[in-house]
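In structure tokens, one chain follows: the form predicted alone.
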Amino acid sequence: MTEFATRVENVSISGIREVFEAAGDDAINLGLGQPDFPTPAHARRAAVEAIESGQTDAYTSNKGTPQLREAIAAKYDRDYGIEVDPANAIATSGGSEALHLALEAHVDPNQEVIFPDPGFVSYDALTRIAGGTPKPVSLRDDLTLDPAAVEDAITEETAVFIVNSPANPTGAVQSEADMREFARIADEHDVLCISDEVYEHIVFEGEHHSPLKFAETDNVVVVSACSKTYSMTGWRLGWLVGSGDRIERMLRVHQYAQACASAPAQFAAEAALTGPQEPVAEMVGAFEERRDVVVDGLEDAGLEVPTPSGAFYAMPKVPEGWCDEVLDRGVVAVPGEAFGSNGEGYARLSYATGMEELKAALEIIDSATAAVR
């Protein structure tokens, strides 16, 4: 009998999904990273028009349509003053595929991948699937990643380190000084920095900075997507930006695993990137208002929580049994250990849901916290 691949046996189903399955149908879900806003109307219209005109019936270029890649390149110039050649971008099936391609193209068996702990669940899993060795690094007290800790963790076996800002699950935003340091580390140690910038526009304090802007070598690859910024998670449209040599290697994986991103989604993404940006500003404003309500509510319940500067997650320290107690009372929160061993004693709450639901959840959280203290 054919056995299963060890690299897959070493990966378990996400702890986030386990919590969802344990929740009742009427539970208030603070576990899902899904904005509760519609995809901008102009993006949806662009997809419909492309479908009706027959432009989406065939494969696109493996890298994506020229128009989408030009829109991606223009976005980096407009937003950050970074010059990107449209030929050095690949449209992918969401940020998840982009991350997968970056790791598959750069990690040999047993090479190390450094990433934040707690950090996005895919970092550990996709490292193992690529045959690499996960090397999680603890965060600072404010839940940001310390460049010095990353540099100390680098060995001769290190292939990649991952930076995520704004971060899932913490909502932390790295400073410009940190990003300059990450770029320096990538340059001086000749190690690839994968910068996960999927939440790049959801920033409340400070600014988003990319190590791509500061690197003097080609040792930075950027992963981003329309998913969070434009509330397009279901469209599955992300991208990679990097040097021509790195793009060519990642394309080798992409063309056999995926061929190309969904054609309708590419037309929607092009419109989202080039059209009115007011829906993004409105959504970010709503998230900031919700963040303030959630942080105040958690603190009123007696929980310690760093104020997130971006994304739409809060990560309070919680007593033992807290997640089970709130789940029993009808609120879904993800245990921090789902994001790494250093997440133990924390919980991740998403405030990408309506204000009324958030207020109801905070009332339950207040009583649940009192019950487990």
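Source: prediction; values computed, not measured. Numbers for residues come from their place in the sequence shown, where the first is 1.
If you look for the form predicted in complex with a small molecule, you will not find it shown, but the lines that follow are about it.
> Let me test this: is every residue among 115, 150 and 158 within 4.5 Å of the small molecule in the model of the complex, going by heavy atom positions?
Spot residues vs the small molecule: no contact at all.
> Note which of 130, 265, 72, 198 lies within 4.5 Å of the small molecule in the model of the complex, where distance is taken over heavy atoms; exactly one does.
Result of the distance check: 198.
> Within 4.5 Å of the small molecule in the model of the complex, heavy atoms considered, which of 220, 283, 298, 99?
So the residue touching the small molecule in the model of the complex, by this definition, is 99.
> In the model of the complex, which of 141-149, 185-193, 208-216, 226-234 comes within 4.5 Å of the small molecule (heavy atoms)?
In short, 226-234.
> Quick one: does residue 242 come within 4.5 Å of the small molecule in the model of the complex, counting heavy atoms only?
No, no contact at 4.5 Å.
> Would residue 164 sit within 4.5 Å of the small molecule in the model of the complex, counting heavy atoms only?
Yes.
> Given that the partner is absent here, does residue 174 sit within 4.5 Å of the small molecule in the model of the complex, heavy atoms only?
It does not: once the small molecule is placed as it appears in the model of the complex, residue 174 has no heavy atom within 4.5 Å of it.
> Give a yes or no for residue 287: in the model of the complex, does one of its heavy atoms lie within 4.5 Å of a heavy atom belonging to the small molecule?
Contact with the small molecule, no.
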